[in-house]
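Let's start with one chain on its own, the form predicted alone, as structure tokens.
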């Protein structure tokens, strides 16, 4: 629309219809229908399309024109900082729903205070708080469907609570005991709720962002009323993964929401040192992604914007970018001291502008809340987390064998060797290890089969049987891909130049046979190809990703090794 307005004053002969490859995925630029096709041969080819491929429209200029930025992004808001609805604004949810969201924001804040204290006492080793960003997490989660798949970063406690994470599960994860879903193998606050469509938090910054479009594409080709949602911060937005994710989602028309919490800091690095452009939302239009900037401390605006973004993503089969403007009140983590790079007065001022006091003021103004209810809620939340922590500390850590499981269906010989060596070593020197805290370490040693630690294949596959024929390796790969696509209708192959057959001709004829939605070209970004495959797989698809050349695989190692 901005582009259409910019071109509105151009003579008809200089206007060119906007047609792009995105049209193949059911999307077109709105301006395409607004202007007649040009018959100027210097501007067009092939019946009126822009002369140069890959642009929305074009006209000639006798002077070099350098663009610095587009139009300003307004910040969407429904409630002022005193908790008063703006003129003409209405509540996007009921007071009852608002009370549920408010209670979770308060609980998130109380839990943060408790776990921070536990870390300072040395009872957990690490923690990070969500203070000041509760509305960005709770408001967005409340606007989603339970079927939407979420790819969190690490400051989305409110979202996890909304999806059903219990305080006991929080405790078990932060302690790392045997009841922890991750079996004590992940960093603190790295929660997961796989059965409720929330993937595990990953410590590697931004790796989850390009995974989300893979699942979003699966929902698109399924025709499902679902979206894939990637949460991330302003610092993570500087990673190349974030940009490739926007590009892949746009090219494939992936039903994906990108929710960026712009809290002003990446640890100590302020946004003024992080980027010089107009925030994060301004990046969306460059990729053809609808984008909006929202007051992230306004619970109403966050909810309403996310609700509308979800509607757009499903109905128009498009990704959407939301930039939620907020402020990180706490330190980045317990390893950080933010007083070394920002003033206490600045933090105190932002505390008064946070989402909890703002929405509390509204609830009190309509008679739905008061000081007595506030104290009772805070006391209840504190009592629950204290009780859960006592229970969590009574539980043992998991057995040492859990360090090596859950990667392979059957533990390979080299991991078996490592486990047997570690188990024997710890039992030989019990005085040097807290063996009483671990399951089974202070009891009878587990049975060990020395032969399973020998360097050899775990199983030898049977020799192939049946008729054979002599063909080239390329032909064999092509046949194997064809069999996979034909026998599994939820299999997809994609990669660089795959659509026309590939540079080695391994995928020749497959697009014609199985369709453009299952045999696809991919933008040239190997880390995003690998990540897209992860997302597709998590959505129940068989992802066949081609990297084209062996040497090209190195940019994808972050996804392959860490994810």
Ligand SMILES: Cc1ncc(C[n+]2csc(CCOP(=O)(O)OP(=O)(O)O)c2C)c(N)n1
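Model, not experiment: these values are computed from the prediction. Numbering follows the first chain given and starts at 1.
Here the subject shifts to the form predicted in complex with this ligand, a form of this protein not shown in this document.
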Quiz prompt | this ligand contact in the model of the complex: residue 153, any heavy atom under 4.5 Å | solution = yes
Quiz item: Might residue 261 be said to contact this ligand in the model of the complex, defining contact as any heavy atom within 4.5 Å?
Solution: yes
Quiz item: Is there any non-hydrogen atom of residue 143 lying within 4.5 Å of this ligand in the model of the complex?
Solution: no
Exercise. Classify residue 281 as contacting or not contacting this ligand in the model of the complex by the rule of any non-hydrogen atom within 4.5 angstroms, answering yes or no.
Key: no
Quiz item: Considering this ligand in the model of the complex, which of 162, 389, 350, 265 comes within 4.5 Å of it through any heavy atom?
Solution: 265
Quiz item: Of 235, 354, 98, 176, which one comes within 4.5 Å of this ligand in the model of the complex, counting heavy atoms only?
Solution: 235
Quiz item: this ligand isn't shown here, but in the model of the complex, which of 198-206, 443-451, 375-383, 482-490 has heavy atoms within 4.5 Å of it?
Solution: 198-206
Quiz item: Going by heavy atoms, what in 363-383 lies within 4.5 angstroms of this ligand in the model of the complex?
Solution: none
